[in-house]
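What follows is a single chain, given as structure tokens, in the form predicted on its own.
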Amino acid sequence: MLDYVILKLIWWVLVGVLLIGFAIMDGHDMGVGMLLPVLGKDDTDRRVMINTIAPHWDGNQVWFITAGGAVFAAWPFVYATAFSGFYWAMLLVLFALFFRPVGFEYRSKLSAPKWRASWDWGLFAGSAVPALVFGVAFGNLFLGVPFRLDETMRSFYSGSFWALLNPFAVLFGLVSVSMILLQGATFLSHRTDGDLQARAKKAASLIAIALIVLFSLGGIWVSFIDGYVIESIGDIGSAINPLMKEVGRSPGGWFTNYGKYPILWLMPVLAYVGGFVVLLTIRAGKTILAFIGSSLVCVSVISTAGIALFPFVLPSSEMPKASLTAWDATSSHFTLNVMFYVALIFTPIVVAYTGWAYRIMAGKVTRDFIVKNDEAVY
């Protein structure tokens, strides 16, 4: 059996990998959904866009479902506290996601323009709302979540849904939306041609610039808020409860890990590298490189936030010592060990069949193909 501390670190990384996988794989689906009413100048254009992602979108949802399951199994304290405190936000995401399966399935069943336009906006909402809410949630982690724990480890949330929509968190939401839009625009640039591809390339360039600016503003703002720092904690190699530590707040606290390990500054730098790769390659017509650059942005932006937060998973603004961390909010040693070997077996399988599916269905989706296969495609 692996060491308990090592397993806690492994599951911190694995949950991060699942979130990154969701941002990259389901991200380009959602990005295309958000761009649907913007780049699609007519119904054929919009059908081209939908058919670039339609064969894969449901398979890509596996990353989202697995991430939720991993949080439930690896960090049960976090799952219970976050899903009760963020109940209305999660419900909003759930209702928005309902538009995706029914939108893909029923949009082209009727040819009436109003029918199709309604589903286009439904797909837009089903893509934009989760991207925005997840970013807002990340922003609120840096501010701290208003909850406390009693002596029996029951959590009590004292915030409200509207309090989550503060300016700082909304900025994080815009970073998230921009990141997902960039995934969608670069993916469309690679999978389409003609005028639609030209519009997607232009959109990718503009979004990359916006993302670089928003990411910079977010980093500057974080430097001005008080971060959480663990001042003392019990034996992290044992099963400890969240109240067995002392937590303080200090200016620049969120940069503690970067101060201890300067090599970690490479991660936010890579976010800029990815953005500039998109700008350079999209203009040169190297669309697959642009998509790789966009994916690098997803990896580095999420990792930058994760490194800053570590080991905090759910900081508490109401009762700092009750903050949930990777050391004290985890499942048992045995559970983490079993889950590790399950992940070791099944993650490569998921990656393998996803790669196979994309290879089989590779190639551009053209207007001519949609017109000729009008009754057979989405």
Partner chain sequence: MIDSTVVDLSRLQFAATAMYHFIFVPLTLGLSWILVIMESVYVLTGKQIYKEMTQFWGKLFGINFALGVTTGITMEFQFGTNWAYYSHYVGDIFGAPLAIEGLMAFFLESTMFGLFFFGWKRLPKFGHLAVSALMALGANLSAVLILIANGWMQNPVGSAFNPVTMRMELVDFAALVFNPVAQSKFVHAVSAGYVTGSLFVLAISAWYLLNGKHVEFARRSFRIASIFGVAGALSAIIIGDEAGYEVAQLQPSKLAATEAIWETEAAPAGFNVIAWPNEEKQANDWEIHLPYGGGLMWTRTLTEKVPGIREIRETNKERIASGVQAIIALEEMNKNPNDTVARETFQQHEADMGYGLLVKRHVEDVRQATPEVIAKAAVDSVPKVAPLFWSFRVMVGLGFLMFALFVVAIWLSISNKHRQYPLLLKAFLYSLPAPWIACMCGWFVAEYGRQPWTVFGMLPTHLSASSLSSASLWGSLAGFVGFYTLLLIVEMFLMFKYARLGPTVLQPNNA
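On a predicted model such as this, the values are computed, not experimentally measured, just so you know. Positions refer to the first chain, counted from 1.
As for the form predicted together with its partner chain, it is not shown, yet the points below apply to it.
Asker: Scan F168, Y106, F255, Y272 and let me know which has any heavy atom within 4.5 Å of its partner chain in the model of the complex.
Answerer: Spelling it out, the residue with a heavy atom inside the cut-off is Y106.
Asker: Could you tell me which one of W265, W221, Y87, W121 places a heavy atom within 4.5 Å of its partner chain in the model of the complex?
Answerer: After the contact test, the surviving option is Y87.
Asker: With a cut-off of 4.5 Å between heavy atoms, is Y353 one of the residues that contacts its partner chain in the model of the complex?
Answerer: So Y353 counts as contacting its partner chain.
Asker: With the partner left out here, check for me: in the model of the complex, does some heavy atom of F77 sit within 4.5 Å of its partner chain?
Answerer: F77: yes, in contact with its partner chain in the model of the complex.
Asker: Indicate whether its partner chain has at least one heavy atom within 4.5 Å of a heavy atom of T330 in the model of the complex.
Answerer: Output for T330 is yes: heavy atoms within 4.5 Å of its partner chain.
Asker: Can you work out whether L110 and its partner chain are in contact in the model of the complex, taking contact to mean some heavy atom pair no more than 4.5 Å apart?
Answerer: Contact check for L110: yes, within 4.5 Å of its partner chain in the model of the complex.
Asker: If contact means any heavy atom within 4.5 Å, which of 273-281, 211-219, 177-185, 77-85 contacts its partner chain in the model of the complex?
Answerer: That would be 77-85.
Asker: Its partner chain is absent from this chain, but in the model of the complex, do A117, I236 and R367 each have a non-hydrogen atom within 4.5 Å of it?
Answerer: No: no residue has a heavy atom within 4.5 Å of the partner.
Asker: Counting only heavy atoms, which residues in 46-84 are within 4.5 Å of its partner chain in the model of the complex?
Answerer: The stretch touches the partner through N51, A54, P55, D58, G59, Q61, V62, W63, F64, I65, T66, G68, G69, A70, F72, A73, P76, F77, Y79, A80, F83, S84.
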